[in-house]
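In structure tokens, the next block holds one chain alone, the form predicted on its own.
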């Protein structure tokens, strides 16, 4: 008989690290046609980070994301980046890029100010224009100002900056300190069906609410969360490395190391919780690794709700679930009443 159960998993997760230096650097160059070139040492690993970093630069410069050309991960030409680790890219590298874009934009303001007969602090960059605050009709195209800066004033609009979250040493005796600069939070809910005759578990629904600060690109955030749930389902139910007595792995390839496919994915509802962080670029924090953290807990709690057994070692394979059901019933499997 198949039984349904629901479970909840909650988590908090640190973004970046601060016990050791954790810097990123960036360079932004505004070109004479009004476009910009961004140099960053970060690596795109499929999470869409270069899109988000380009958006951060574009927002600060008042241009379109399509106007930003991103050059990344070339150690000969791009500045240093600590790495795509600790869900730090949007937060740490994004801050460096925002600062570099601010520096480049300030050169444009200083060049445009006498052209518009105002002070640099009275200007703003919006819609590919340098304009006077509260008087948008007084404006110049960014391309014209960049051309003036480069070939008339001799001040190429190039900005470079680095960002390193404040480093706070940990007290070796008490363990007190500030190990991370900011945190994100999430809750995931799972609904499963468990067959009490075979132990088979099917995840039929997941709901995920994640705080990531400001969602720079909501569609990418949603994709990250769905991808994390997929990894979490594999962690909870399928993925297991098996070894013989000599330490030789028995399942070293994808024919017998089982991972979720699209056919294993349940219906998923995603709720992005906007929670502005004043220390992040435009309020952003991060969303990468946290997306997979609460999934297994939610699924195992749902299994307990369905058939009344706790699985405390992952993955919760059908064999483990069936063994737990038999152990609960004193070694003899009994039918359970269907869940309402």
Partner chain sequence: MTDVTLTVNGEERTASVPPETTLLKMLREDLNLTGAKLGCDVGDCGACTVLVDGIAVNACLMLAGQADGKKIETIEGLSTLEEYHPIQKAFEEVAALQCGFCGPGMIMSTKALIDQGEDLSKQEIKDALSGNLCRCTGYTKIIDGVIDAYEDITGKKVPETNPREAQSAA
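Just so it is clear, the structure is predicted and the values come from calculations on it, not from any experiment. Positions refer to the first chain, counted from 1.
The same protein has a further form, the form predicted together with its partner chain, not shown here; the description that follows concerns it.
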* To do: Spell out, yes or no, whether the shortest heavy atom distance between residue 254 and its partner chain in the predicted complex is within 4.5 Å.
  => yes
* To do: Evaluate residue 195 for contact with its partner chain in the predicted complex, applying a 4.5 angstroms cut-off between non-hydrogen atoms, and reply yes or no.
  => no
* Check whether residue 227 has any heavy atom within 4.5 Å of a heavy atom of its partner chain in the predicted complex, and answer yes or no. => yes
* **Contact label in the predicted complex: residue 152 to its partner chain, heavy atom within 4.5 Å** => no
* Structure fact -> Partner-free chain; cross-checking its partner chain in the predicted complex, the single residue of 170, 242, 85, 204 with a heavy atom within 4.5 Å is 204
* Structure fact -> The one option of 147, 71, 265, 115 with any heavy atom within 4.5 Å of its partner chain in the predicted complex is 265
* Asked: Picking from 172-180, 122-130, 158-166, 185-193, which part of the chain touches its partner chain in the predicted complex when contact means heavy atoms within 4.5 Å?
  -> 185-193
* **Check all three, 8, 289 and 313, heavy atom within 4.5 Å of its partner chain in the predicted complex** => no
